[in-house]
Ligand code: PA5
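Quick heads-up: it's one chain on its own, the form predicted on its own, in structure tokens.
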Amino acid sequence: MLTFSSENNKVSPQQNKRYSDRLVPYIKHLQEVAKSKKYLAPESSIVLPNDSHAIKQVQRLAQTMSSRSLKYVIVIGIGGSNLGAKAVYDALYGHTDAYMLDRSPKLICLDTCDSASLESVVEYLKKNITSEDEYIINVISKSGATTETAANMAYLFQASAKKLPKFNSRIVLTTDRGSALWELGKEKDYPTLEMPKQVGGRYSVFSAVGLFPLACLGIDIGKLCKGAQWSIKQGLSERTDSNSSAMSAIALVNYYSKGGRIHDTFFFAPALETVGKWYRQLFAESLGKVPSNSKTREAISITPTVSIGSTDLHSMAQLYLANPSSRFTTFVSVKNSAHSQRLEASDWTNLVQGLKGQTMFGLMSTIYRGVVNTYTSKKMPFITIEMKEYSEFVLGALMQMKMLEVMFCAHLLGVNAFDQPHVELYKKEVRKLLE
């Protein structure tokens, strides 16, 4: 499903063995976590794709809430509470959703507190919704007290509850058991899905956080989880030379040890841009911390960036290629495309030699090969991931591979991949100001 190559990762055999020897005991620990089928360890997100009880619960509720008339799935949540579901939706439908006006249901995400955006969404919904079975509102907050989420829901409730039919009957909550949001669900009798306490938001895409809205959108969450299971099986192999997550982590940590500070994920597939944003949060929030054995108290500082081919070749390539050692790149491409129409001879194909007879997929593949050849000739460090196709299975495999990669990076760097102490600093200041 995913073809991984690390021949240009600039890791010597000796370095690879040293890192691999350090990873194997951790991989054995993850094997035990997966085998337990319980949410007890910080790494318990690897249990999610195999949790058939939770998956069936999500499917039942989605089936109950959905109908053929469903037009909009409105997710109110921020960060890990919406990025995973949005990444999958955008990869399958969202990139061209603006042009597919007849496609429904559509995903609408309310995350940041922007009054202009909120007002336009509310007016749009009031104009286009005529019955209660045309929309679902999924409020997602792990803590149950996320400022932006509470404010956005309060705004939507205040502006729409009286005008949208049976507003309260269309609300579903997703949160930790016992949170303030959980208690509100009990009080108001809102359907409430539990998020395992040990699973952080950025690792939650295969929990109810990601699966419920995706199921309502008609996306096959069973296949999504099967793809994740495929990557877990590969990623928990002690043979690191055939373990894509381990090899990717080793390459990134080795680059950092040599002074590298930027990791660019370069997608030659525009529909995957939100997957890049999901990974950006996963990477930065998991790794940007002071190692437990640090004497200088200096935090790990690898900045994750996202590039899109071929768009960013015309905006960022000068910077990238003029500084060949300044970043480590992961190229992500898609092997197959259903679009095979060839360009016929015309005034337009005559403008560029070789265009006649090309397919658009073939042209993108040629541009991609040209970029990879250029990076190789300039001795720029990179790895490649080729996706077999756009599908739930392959997306599940890619996202789970990346979550394991980040866990492995954290282990090698000596940081806790599952907390975010500095994120809490701004939240405390906001609460003080609000009070």
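Numbers follow the displayed sequence, beginning with 1. Note that the structure is a prediction, hence the values are computed from the model and not measured.
The same protein also exists as the form predicted in complex with ligand PA5; that form is not shown, yet it is the one meant from here on.
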| property | result |
| --- | --- |
| In the predicted bound form, the one of T274, S333, T330, T146 near ligand PA5 [non-hydrogen atom within 4.5 angstroms] | T146 |
| Option touching ligand PA5, based on a heavy atom within 4.5 Å in the predicted bound form, out of G185, G94, G79, P105 | G79 |
| Complete contact of S141, R202 and Q281 with ligand PA5 in the predicted bound form (any heavy atom, 4.5 Å) | yes |
| Exercise: Q420 in contact with ligand PA5 in the predicted bound form, heavy atom 4.5 Å | yes |
| Contact label in the predicted bound form: E134 to ligand PA5, heavy atom within 4.5 Å | no |
| E285: touches ligand PA5 in the predicted bound form, heavy atom cutoff 4.5 angstroms | yes |
| Residue contact check: K427 to ligand PA5 in the predicted bound form, 4.5 Å heavy atom | yes |
| Which of 220-228, 257-265, 112-120, 80-88 sits within 4.5 Å of ligand PA5 in the predicted bound form, heavy atom basis | 80-88 |
